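For reference, the chain that follows is the form predicted on its own, supplied as structure tokens.
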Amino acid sequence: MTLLCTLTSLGAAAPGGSLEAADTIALPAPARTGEMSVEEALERRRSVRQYAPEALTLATVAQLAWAAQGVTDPSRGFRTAPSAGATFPLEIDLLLQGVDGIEDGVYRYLPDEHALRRRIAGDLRDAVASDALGQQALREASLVLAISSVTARTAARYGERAERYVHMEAGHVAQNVSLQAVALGLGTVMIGAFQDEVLTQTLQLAAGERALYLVAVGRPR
């Protein structure tokens, strides 16, 4: 049994305005086998809050995004993380900086296309760290993965239980990312302490969408 996957991960390492919905970047195909077992990744996983100043490669960004919400069954649309009734209420944004060939900004992951769409220009790590009570890990991270939710997608089917299911799903996604990071030689820390409305505004989320969870990712110092 192997964890999906091992890549050679890291390359070398002001908030801006919104962009048009163009700027779509196709991602390298994810690796689906690797050298590290699930058991080893589970044993090694720890919260890491200090990171080396290195940027990620696009291949590593692609692997982390796929671990979060990648499509594993194109015929039925199933993804790497379970979702109640396959309602898929979560959205994944990646705060990227220093990735070779990619302008700094906030990128929305598009699971069906395995692609990124740039939504906001510039490095927002400082702003997001401020929204999260000044947590330094978010400033140092090579990548910040922001999980947001559109609970109405799940509520249409499950009513009042939807919020519970959405929170469960966010946990599934975060664990996928943390284990994938271990297999890539990276560390993560999960962050749920932030000013909800302020972070939602910083990330310029759409009406009905709210910030739910942050994952800081980087090479451990």
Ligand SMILES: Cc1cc2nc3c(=O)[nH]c(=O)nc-3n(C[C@H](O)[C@H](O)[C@H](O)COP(=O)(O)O)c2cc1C
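In this text, residue numbers run from 1 along the sequence as written. Quick caveat: nothing in here was measured; it's all calculated off a predicted structure.
What comes next is about the form predicted in complex with the ligand, which is not displayed.
Peer 1: At the 4.5 Å heavy atom threshold, is Val61 in contact with the ligand in the predicted bound form?
Peer 2: Looking in the predicted bound form, residue contacts with the ligand do not include Val61, since no heavy atom lies within 4.5 Å.
Peer 1: Give a yes or no for Leu179: in the predicted bound form, does one of its heavy atoms lie within 4.5 Å of a heavy atom belonging to the ligand?
Peer 2: Leu179: no contact with the ligand in the predicted bound form.
Peer 1: My question is simply whether Met190 lines the interface with the ligand in the predicted bound form - judged by any non-hydrogen atom within 4.5 Å.
Peer 2: Yes, Met190 sits close enough to the ligand in the predicted bound form that at least one of its heavy atoms falls within 4.5 Å.
Peer 1: May I ask you to state whether Arg49 is within 4.5 Å of the ligand in the predicted bound form, using heavy atom distances?
Peer 2: The answer is yes: Arg49 has a heavy atom within 4.5 Å of the ligand.
Peer 1: Taking Ser37, Phe78 and His172 as a possible spot, do all three reach the ligand in the predicted bound form with a heavy atom inside 4.5 Å?
Peer 2: Heavy-atom distance to the ligand in the predicted bound form: none of the three under 4.5 Å.
Peer 1: Going by heavy atom distances of 4.5 angstroms or less, which of Gln135, Ser148, Ser83, Gln97 would be at the interface with the ligand in the predicted bound form?
Peer 2: None of the others qualify; the residue that does is Gln135.
Peer 1: The ligand isn't shown here, but in the predicted bound form which of Arg45, Arg157, Arg32, Arg161 has a heavy atom within 4.5 Å of it?
Peer 2: Partner contact (heavy atom, 4.5 Å) among the options: Arg45.
Peer 1: Quick one: find which of 182-190, 63-71, 24-32, 148-156 has residues within 4.5 Å of the ligand in the predicted bound form by heavy atom distance.
Peer 2: Comparing against the ligand in the predicted bound form, the contact stretch is 182-190.
Peer 1: Within 143-169, which residues come within 4.5 Å of the ligand in the predicted bound form, counting heavy atoms only?
Peer 2: The stretch 143-169, when checked against the ligand in the predicted bound form, contributes no residue at the 4.5 Å heavy-atom cut-off.
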